[in-house]
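Starting off, we have a lone chain in the form predicted on its own, written out as structure tokens.
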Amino acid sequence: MSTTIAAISTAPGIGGIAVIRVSGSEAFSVSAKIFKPKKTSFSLLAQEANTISFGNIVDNNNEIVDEVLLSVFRAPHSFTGEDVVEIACHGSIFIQQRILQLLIENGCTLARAGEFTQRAFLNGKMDLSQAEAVADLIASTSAASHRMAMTQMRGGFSDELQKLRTQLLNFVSLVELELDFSEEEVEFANRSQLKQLVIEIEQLISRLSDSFRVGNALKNGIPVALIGETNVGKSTLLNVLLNEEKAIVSDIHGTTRDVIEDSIVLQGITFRFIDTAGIRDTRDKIESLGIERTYQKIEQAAIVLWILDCTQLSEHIEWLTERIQKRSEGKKVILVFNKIDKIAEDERDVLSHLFDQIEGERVYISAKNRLNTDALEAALIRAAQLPDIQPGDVVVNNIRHYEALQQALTSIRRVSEGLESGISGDFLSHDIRECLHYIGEITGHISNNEILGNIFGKFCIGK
């Protein structure tokens, strides 16, 4: 980490302002070569930490590139733990690139994706799970996903894992101390206390692991498949929910042949809607491929919106019901009776009774006239069954963390079984250390360059 790196940290494109970040041992000296302060007595090298100065960025010919504000952060009290300079300039693409070019010409190296955050991790400013939360915070699209990322970035998840590590280290120390005195048959670790401790650790790991279902849904969105026969109004409903003309609407059967996806946020929860090809018996090869994808999307979805045309139920409804039931087993199904504006109110119950064998809510709407769509949105919220995430709630939302927790859970359960069966301390120690290993993978206590490269390579440039 001897090089000094620089990158544009704001989003690409034209804006009111942009920020160029510089980090490393030469951050001040490089920046001083291109920064001309308004105060003649000013010295960037002697500037106090956490201060902002006004001046010009000038090129090698002393020509002014832009008026800027320059912020100074001194090691170790900065984001990366190194000396950091942030240059706030006007948002012209030319200005941004010119300042970055001048920094590179004077000794900086262009930062790789995620390199600032990686340096923060390597300098002990945060652990690996907190570093990953930075990316989650940038990508958050709802109040719930933002809240999860903030809790994790501020160390909520790390604190839980640190408690686990401390307990496990104390545990394994006592067991391994016994091994040093094996000939004297001294028992340092009270087995009944160890059993209780293992139960508590197992419950904590299990709770964190189980929270992934909620965390993953809030982070990536809940997949919702819109299914039904052709021409029942699936594409119309998708357009209404998204409030844009996303899908082609036509009276011609089989218009939707491929899968169309988009997301909306309802009460802080992201739903990923998937408009699928209408299910019917067809000899059209292209349409058949679309219908096969429909079946696949039903199996992948967490919620299934089965849309029915109130004005005409197909003669193949039993055939269709059988296929949908088979693929939606274990999922939340909402029966959406569309075009209710075209039938009498007493006909609703008759229609509903035809589907008594299908468990799930019934919603009656007119997608074309936007009638009762608020009731459908409320049904989606109920079907999601996600708890309200409060500040400080620890929820796992990273698949890497979840897989490590699952491995740690397997290890701690072997410890529990070993205590019950009375196995020797060396086997107990091995299983405890294996559990510690997987927890360490989450926080970065155990890592390698390949894992780090994979994690930080997904970040944006400048972060």
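Everything numeric in this text was worked out from a predicted model, so none of it was measured. Residue positions are given as counts along the sequence shown, with the first one as 1.
Omitted here: the form predicted together with another copy of the chain. The next part is about that form.
query = Which single stretch, out of 52 to 60, 410 to 418, 396 to 404, 424 to 432, brings residue heavy atoms within 4.5 Å of another copy of the chain in the model of the complex?
reply = Selected stretch: 52 to 60.
4.5 Å heavy atom contact, V134 and another copy of the chain in the model of the complex = Judged by the heavy-atom cut-off of 4.5 Å, V134 is in contact with another copy of the chain in the model of the complex.
task = Please run the contact check for H146 against another copy of the chain in the model of the complex: heavy atoms, 4.5 angstroms, yes or no?
result = Contact with another copy of the chain, yes.
request  = Spell out, yes or no, whether the shortest heavy atom distance between F73 and another copy of the chain in the model of the complex is within 4.5 Å.
outcome  = Because a heavy atom of F73 falls inside 4.5 Å of another copy of the chain in the model of the complex, the answer is yes.
ask   = Might S142 be said to contact another copy of the chain in the model of the complex, defining contact as any heavy atom within 4.5 Å?
value = Yes - in the model of the complex, heavy atoms of S142 and another copy of the chain come within 4.5 Å of each other.
request  = Could you tell me which one of L386, I95, L351, L204 places a heavy atom within 4.5 Å of another copy of the chain in the model of the complex?
outcome  = Among L386, I95, L351, L204, a heavy atom within 4.5 Å of another copy of the chain in the model of the complex occurs only for I95.
task = Please pick, from L122, L194, M150, L266, the one residue with any non-hydrogen atom lying within 4.5 angstroms of another copy of the chain in the model of the complex.
result = Checking each option against another copy of the chain in the model of the complex, the one that comes within 4.5 Å is M150.
ask   = Can you name the residues of 198 to 216 that have a non-hydrogen atom within 4.5 angstroms of another copy of the chain in the model of the complex?
value = Heavy-atom contacts within 4.5 Å come from no residue here.
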